[in-house]
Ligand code: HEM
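Next up is one chain by itself, shown in structure tokens, the form predicted on its own.
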């Protein structure tokens, strides 16, 4: 979402241009960022262990399974519009009730309560 407006465009980390970098080069980029780009420096914001985990993650990207990708997408933050859409869908599926109870007075007509 954020990468669309960046110049230069963020690279596809699965491609050889990134994958051919050494682990040390990737670690350096994670820690120090890339000047004049959208890649910030992360040194000081956590431990260097976190940066090494990111190196491992980048190395794994070319072998990412569709299940892993789906799991990652499910963890992405939602926009306010997406949150509202989910609420609207849930309310619709619950026949307009927000409580999760699906029995309405209309369905109870003619039945003893």
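Residue numbers count along the first chain shown, from 1. Computed from a predicted structure; not experimentally measured.
What comes next is about the form predicted in complex with the named molecule, which does not appear here.
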property	result
Contact of residue 52 with the named molecule in the predicted complex (heavy atom, 4.5 Å)	no
The named molecule contact in the predicted complex: residue 62, any heavy atom under 4.5 Å	no
Residue 46: touches the named molecule in the predicted complex, heavy atom cutoff 4.5 angstroms	no
Close approach of residue 93 to the named molecule in the predicted complex, 4.5 Å, heavy atom	no
Heavy atom contacts to the named molecule in the predicted complex at 4.5 Å, residues of 6 to 22 in sequence order	6, 8, 9, 10, 11, 13, 17, 18, 21
